[in-house]
Each structure stands twice: as C-alpha cells, then as structure tokens.
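Next up: a single chain in structure tokens, the form predicted on its own.
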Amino acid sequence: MSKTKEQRIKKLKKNRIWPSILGLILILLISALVLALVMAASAVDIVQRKLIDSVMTSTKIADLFEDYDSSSKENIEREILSHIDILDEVIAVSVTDTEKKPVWSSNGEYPTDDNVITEELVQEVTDKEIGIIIDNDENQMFTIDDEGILINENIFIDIWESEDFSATVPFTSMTLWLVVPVNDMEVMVLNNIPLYHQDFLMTLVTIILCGMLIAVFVIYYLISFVSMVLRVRKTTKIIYTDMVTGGDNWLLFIKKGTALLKKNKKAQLNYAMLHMEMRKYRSFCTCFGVNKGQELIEKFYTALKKEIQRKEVMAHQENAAFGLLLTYTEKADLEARIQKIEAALNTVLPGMKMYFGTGIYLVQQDERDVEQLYNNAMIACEMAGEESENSIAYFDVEMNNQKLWERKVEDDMDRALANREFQVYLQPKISTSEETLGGAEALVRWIHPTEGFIPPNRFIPIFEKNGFILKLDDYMLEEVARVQSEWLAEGRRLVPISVNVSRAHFTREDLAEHICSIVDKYQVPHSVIELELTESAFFDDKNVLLNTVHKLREAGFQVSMDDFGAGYSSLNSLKELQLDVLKIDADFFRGADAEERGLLIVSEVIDLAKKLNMKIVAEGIESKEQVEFLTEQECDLIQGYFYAKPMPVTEFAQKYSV
C-alpha cells in the first residue's frame, strides 16, 4: 500500500475520542464555576440587602435620641425597649457620649472598639460601597463588599447542615453593632440578622434552572459524542468491507496478515501466502452474466471462510481471486489442504465443474510485507498460465527474474523502436530444383545498447501479450519494403521476402488497406512481399480473416500459412483459405518418429499442396538427408541452418548478390 493511501485511510478512520472527553470535562468545570458564581453572587446580594435593612432600622432607632435629655429620658428609653421587644432583629441598644462614657444601655453592655461599626462604615454600607465588618456568634470577624463575600466557609456549612431547618428557623444569623452619631452621642444598636431559606429561594430556583440547562447541554454533548464514536466505527467497518462479498476486504487482509506475521517473530508457525483464482471466470460471466458471477464470488467467500483456521486470514482480492495466509507443517499437507479447499469451492454450484489455479509463496522468517508476498504468489499463478494442467505453482527466484525482465522489455520497447534497435535479419529460402535463392524470410533481432543481442524468444512473447507486436509488425513490413525499394533502385534482383503478420492484426477489418498503404510508400511491387500468418489466426474472427486474405491476394501479395501442422484444424484451414504458400512445421523432422511417420506425413502434405496449386516451404531443415528427402518429394523451397542462419541485410545482399 502506498504511503499516501495509508495516510488517507488512517486519517479517515482516526478515532478522535480524547479531544471530545477533554471538551466534556471542560464543559463540566465551566458549568460548576458558573453555578458557584451564581450562588456566591446571590448570597452576597442577600447579605448586602439584609445589612442595608439593619442600617435603616438602626438609623430609625438612633433618631429617637435626637431629643434625648433628662426630661424625656424615661419616655425614650421606654420606647426603645418597646422597639427591642417588637423588632426581632434588634437585640440591644447602647449610648455613649463623645468621650466613650456610658450614657444608657438596654442590657447594661457596651461594645468595644474592636467589634463595632464606625460612622464611616455605616455611611459606606448605606451607599452600598465597601461594606461593613460583622461579628457572628463565635466573635469571628468577616468582611462583605459588593465584589463578593470573604467569609469563613463554615458559616455556609452551618446553614445547609442545620438540624433545625424549617420555615421559621434561620439557617444561621449575624450579630453586629451599628454606630450612629446623634448630636453629641453615639447610638450603638446590636443587630441580629437572620438568614432564612426563603431568602435563598430565588437563588435555588436559579441554580436548579441553570443546572437543568447545563444537564441538557451535557446530555446533548454526550449523545453527540456517542454518535461520533458510532460513526467512526461505521466508517471503519465500511473501509474494511468488500463490496462484492460483504466480508473482509483487501485492506483488512493486509492489516491482519501483517499483525500475524509480526507476532510470529520466532517462526513458531510456517506461513504460506496463496493466490487462488477461478480459471475462465470471465467466460462464466459472459455465459451467465456479471451478477451471477458476483453471486458466485460471494459463495466462494462463504465456503473459504469455513476453511480458515485460527491465526489465518483470507479476503477477496479481485474478480474471482482470493488471498489466503495459511499455516502449514509440510508442503504435502499444504497441497492436500488446497485440494480440499478446491473441492469445497466446487460444491457451491452443483453439477458444474470449475477449475482453479493457486500460486504459493512460502513465507520466510522476518518477511512481513503482505502485499509483496501476495504479489509473489500471484506471479507464480500467472507464470503457470490458465492452460496449465497443474493447479498449484510455487514461486521461485526465476519467476521473479522473468517478471523483472518483462518490466525492462516493456520500459525499453518504445525507445528501441524509435532508435531502430530492432533490425531485420534475412534467412534464405533455397530452391530444391536449382539450389539457388528462391526467397527469404524477414526475422527480427533486437540489438540492445546495454543487453546486446536479444533473441526473439525473449521479447516476442512479451510483445504478443502486451500488444506491442502490432507496432513491431508494421515496423518490420516497412523495413522490408524499404530494403526492397533500395535494391530495386540499385538494379538488384528481387526475391519474395516473407513478413509475419500476427493474429492480433486480424481484429481490424481494414488490415489489407493498412498493409497496402505501408508498402506503397516505397513503390515496391506487391508480388515481392509475402505475408505469413499463423494457423492460430483462424480461430479469431474467421470472416474478417477470409475477407482480408482475399483482398491481399487481389492486391498482388502472396499469402502463406506458417507452422502448418502445429495446430489441430490445419486441413480445415486449407479448405477455407485460399493460400499461395504452405510452410511445413519443423517438428515433422524432429523426434524418434521422424524417419517413418513424420516423413510420411510430409510426403502426403506436399502432394496435397501440389494439388491445391500451392508452393511448399520446409523450414527448420538441418541435415543433408532431410534436404535429399524433400528434393525427392519435389518440395519447392528449403529454409534452415543446413543452408544458412538468419543474417543482417547487408551480409545477405553480399552473399547472394541480389
């Protein structure tokens, strides 16, 4: 898997839980702080209002002493005592003169300077500015102001933990002396300020409402958080689900496979990577439809899932191919298990025999690149080919070297064509009657700048597989036409030169016109160009083939069939095709039976060709005895190492003086 792809997948499925948890904690902390601030602000406001009421009450009592003298003393004192009896918040009243000498006290007590409220502080409380100093029942000093309350927390604990809590019993109370100057006296009023739960009712309601709002928000956040987690899990499941089988996909196979191989550090288990595919799957889809093909793959997956053991993994790869990472003890046991798996797959469609190919790579210690291991197994299956009778193939180093060579060939082929690295070699065809040059076959050779001379069998099969053979055939045809044109201009004698036309060309209906356009650029007579086609071309579009051959012969080209006898329908091909030349395959002259059965068949083929007005060319001739036999059978031309190997065009021209 590429790094970019891996990073995108990790980013897509990344579970961002921690940021959400931190966000929830932050919300709870902020909510708690807000509630605390609301509570504190409410408490401060309540206490301030109570203090202001006490100041107002104390001021009214102090006003009674404006006319205080010996004549009105008893009446004022009596009235003060009546106020004390009536007002629950007033405990006592004391009066001193300017020199702090006692004048009168309702209970005989006078406060000290340490626990009284000065005139200035009284004025400040009245103006709702700094505040006052209070003294509770424990003679502790506290400060209250409009910014908040600086108070020993025990007072609030006493409020909420009061065992006598009721509608008529206060949470707690504050006692303090308020000093109000009247004339030349100081009137000091001892106030008892009770705090009832009713005073905090609005605060409680506010706190409850805020708490409910915060709870709703937190619940909504939790629901969103859970939904996000579920979405992440759902996304992860989608990422790792195969769209055809509904099971594990290739990404999960790589992940699980890598984890298994990492855990197997000490090689306690032997692992084998398998590429298993159904042969002719595309043919199945052509016959029964793509949907049926996908249903078949799904059934394969279900059957394979049952065969997977602990510490093994399997997934659908593509088309009807599956990757399996299996454990094994011996190769024989592994092969037996594969056969068992193939038998199980064959049961998914009763009555239909299906064939499978399996490529195997035996995983070595410390190998963990699952994709590379699978690629090796796939190469083994590919190199065996679909037509292989053996359904099991093991990967070896030579296979990898072959794939590397194919890659190099494909990388260099276009450059080689542009640089004319492909060169024409000519192999002469000798007339048996006069032992003179009767023609030649054009063969391609690759002169690579670094690899040197590359024989055709190392690149032609690759070109046939990837389609580059079409360009190479056109190149060879043009090169032969150019050579013939040069020889014609030099006054040399021209002989027919045969050029191969691969079966891939016969997919186009205008092939005859295409060939004519190439040759006509060099104004060469069509009669000196022979076009060789293989018998395998007959198994493609027969109508296109017959029509193309007819057009080529009408245009003056000679058409020959190469490797006659190598297939299974040669006689049928001769019946359908009107050909000029028949080339007998060299295999008839090789092997233990060449002396008898092979030569007998050659003799009959030559006789048949004569009756069909066709020339006979025997290729691959290497001995004098073979030449004598063919001469006796009146074979027209002989091509082979007995006379000459393929050679460059210049050497051919010099040797045969064409």
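Note that the structure is predicted; figures quoted are calculated from it, not measured. Each residue number is its position in the shown sequence, starting from 1.
Note that the form predicted in complex with a small molecule isn't included here; everything after this is about it.
The stretch from 454-462, 67-75, 521-529, 548-556 that comes within 4.5 Å of the small molecule in the predicted bound form, counting heavy atoms only, is 454-462.
500 is the sole member of 358, 500, 245, 560 with a non-hydrogen atom lying within 4.5 angstroms of the small molecule in the predicted bound form. Shown without its partner, this chain lists 376, 191, 94, 427 as candidates; in the predicted bound form, only 427 has a non-hydrogen atom within 4.5 angstroms of the small molecule. Mapping the unseen interface onto this chain, residue 481 falls outside it, with no heavy atom inside 4.5 Å of the small molecule in the predicted bound form. With a 4.5 Å cutoff on heavy atoms, residue 620 counts as touching the small molecule in the predicted bound form. In the predicted bound form, the small molecule sits within 4.5 Å of a heavy atom belonging to residue 476. Although the partner is absent here, residue 445 lies within 4.5 Å of the small molecule in the predicted bound form, judged by heavy atoms.
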